[in-house]
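Shown below, as structure tokens, is a lone chain in the form predicted on its own; questions about how it binds or moves come after it.
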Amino acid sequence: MSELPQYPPIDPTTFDLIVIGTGLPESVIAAAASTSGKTVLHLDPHPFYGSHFASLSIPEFNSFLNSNSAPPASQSCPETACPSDDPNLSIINLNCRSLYSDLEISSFSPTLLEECSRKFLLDLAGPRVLFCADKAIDLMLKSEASQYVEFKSIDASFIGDGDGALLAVPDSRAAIFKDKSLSLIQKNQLMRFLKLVEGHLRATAASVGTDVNQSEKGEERETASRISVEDLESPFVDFLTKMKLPAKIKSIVLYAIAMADRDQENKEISKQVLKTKDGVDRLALYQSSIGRFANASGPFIYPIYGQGELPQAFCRRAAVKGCIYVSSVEINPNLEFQSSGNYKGVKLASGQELFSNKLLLDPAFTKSSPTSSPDDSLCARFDFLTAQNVKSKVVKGICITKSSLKPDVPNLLVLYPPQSLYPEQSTTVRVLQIGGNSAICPMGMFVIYLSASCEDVAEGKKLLNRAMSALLSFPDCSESSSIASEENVSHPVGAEEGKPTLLWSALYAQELQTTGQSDCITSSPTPDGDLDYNSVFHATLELFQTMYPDTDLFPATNPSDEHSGENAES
């Protein structure tokens, strides 16, 4: 990336909150704090908004991942930094570490892509959609950030297998009866199960006094049967077996509707066994998302211009409320502490000191040892600013093609359940195709995102390569070996009938890091491996409540019409 411009000193220098990084969690908290009347300074070393949630052109994407896959020397604070001029201050140096690794980029049509490389907006966070009825949408409406972003509907969802077949997910009564891949018996089994879940939800809603149409209450009390407490606490896969659902129907419910990530049948290797109560809640979210917005044909929507529009929307909301933004600024902050051990502020690379009551950091920042004070206890308080909070990794892939995976379906989702690509597959592979009608690529071209959570990067790449082989054909050129050689996965070379031809691809791994906090300093979470934003928003709201326990999150002022935010386009 180009050299950062020289900025004049920031004025004022004292704030209630300093936020470093414009990722989605940081942007939501900056907007919430600004809305509550706090003074906020929001800094970002990049020339774009979004940090690890950004949407970038191909050159920007290549530059960002290449520069962030290994710690740049210019961003590394030496262990022997200059001591503070003030003997009453202690300093902890922060380094900017890499969250990404194992980057592979291959271009099979460089001339074509060079002509339009800046017309793409590639999502760093990988395949991700929003449920129409999830809390992320509710928060956007409540905060009024929804007025700065528009959405497109995801047209269809499919279950995939290793042979390249894509079967539509029967997620409604109409879809079930139209599905030609299900037998009449399987259709009846799925319908009975969904009816049972609906009855349970209605009975639960009635018992807690939720507003239910009075004319229907009598009928509901007679027909609705609640799932037992024992069953609700049992693994969801066991409950589906108890309901005598065949393997095909169980796979659809678990991985295409409830969006389970790990192999639920193999409890020995699965770290995330879904309970029935959680599975039922996910089914309820899926079903309530269908039809919420008039112009959204299914349960999912995607931001026009890419996922990077979401943090930008909250940044714009924060700016309206008085937040000060400074981008493209060299940060390399040093944390300053008073002799009492209380946080005082940060010192930028320029040498300017900025003071705040609280500090929120991009997850890429990590600490080195204190250099101005031998106070080990001070350093120990901020052990969360290390790589120790890394849980696992997610391997992501991006592919560019000139034809759709399904004719006349520009925006679609494909799920590869565990064991669908090969017997040892233990996690779900998620594939999201977005077309030019979402303004993230030229019309007539398509961007395909893939992801799989993993502990081992090689295994994750093997998964994505298998999915790519099932979906795409690879050009007959020597460059294809850069991907085909990975983990001995043999990609078919040459155009295959009915499969889009790969023009460009990227594979990379990203660390999954939890949040951390000590006193007045907080580290935000990385993008997770989920398909939706529920976990990200949940972690962000918990952070805000921890930082400001007595402050309402986006308190209502003049409530706007909810329909003003319902701008999902067809």
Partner chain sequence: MHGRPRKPLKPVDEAAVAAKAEKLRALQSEFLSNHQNKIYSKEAVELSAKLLEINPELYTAWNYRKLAVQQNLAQCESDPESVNSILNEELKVVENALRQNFKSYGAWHHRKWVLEKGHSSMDKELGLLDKFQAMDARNFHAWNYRRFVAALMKRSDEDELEHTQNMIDKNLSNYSAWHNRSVLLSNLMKKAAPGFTSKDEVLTREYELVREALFTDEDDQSGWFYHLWLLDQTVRSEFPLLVSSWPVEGSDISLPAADYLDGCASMNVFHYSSRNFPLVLYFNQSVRGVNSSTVSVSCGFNLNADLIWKPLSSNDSQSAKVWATHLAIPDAELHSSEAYQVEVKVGFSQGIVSTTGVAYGHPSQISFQLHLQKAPVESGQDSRFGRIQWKDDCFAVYEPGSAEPDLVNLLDNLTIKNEVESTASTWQARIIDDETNIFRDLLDCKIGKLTVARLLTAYNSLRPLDKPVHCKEVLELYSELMKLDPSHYQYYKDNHSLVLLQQVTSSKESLLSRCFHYRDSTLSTNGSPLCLRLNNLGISQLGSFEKLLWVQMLDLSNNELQSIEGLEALQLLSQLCLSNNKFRSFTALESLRYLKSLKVLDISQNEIGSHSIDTTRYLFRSPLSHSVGSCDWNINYLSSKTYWEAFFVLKDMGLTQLDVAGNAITSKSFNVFLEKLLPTLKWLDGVEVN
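Nothing here was measured: the structure is a model prediction, and the numbers come from that model. Residue numbers count along the first chain shown, from 1.
Beyond what is shown, the protein has a form predicted in complex with its partner chain; the following relates to that form.
Residue R173 is the only one of K402, K499, K135, R173 with a heavy atom lying within 4.5 Å of its partner chain in the predicted complex. Taking I185, V229, A294, A165 one by one, only a single residue has any non-hydrogen atom within 4.5 Å of its partner chain in the predicted complex, and it is I185. Partner contact region in the predicted complex: 174-182, out of 127-135, 174-182, 417-425, 322-330, criterion any non-hydrogen atom within 4.5 Å of its partner chain. At a distance threshold of 4.5 angstroms between non-hydrogen atoms, K195 is in contact with its partner chain in the predicted complex.
The shortest heavy atom separation between M191 and its partner chain in the predicted complex is within 4.5 Å.
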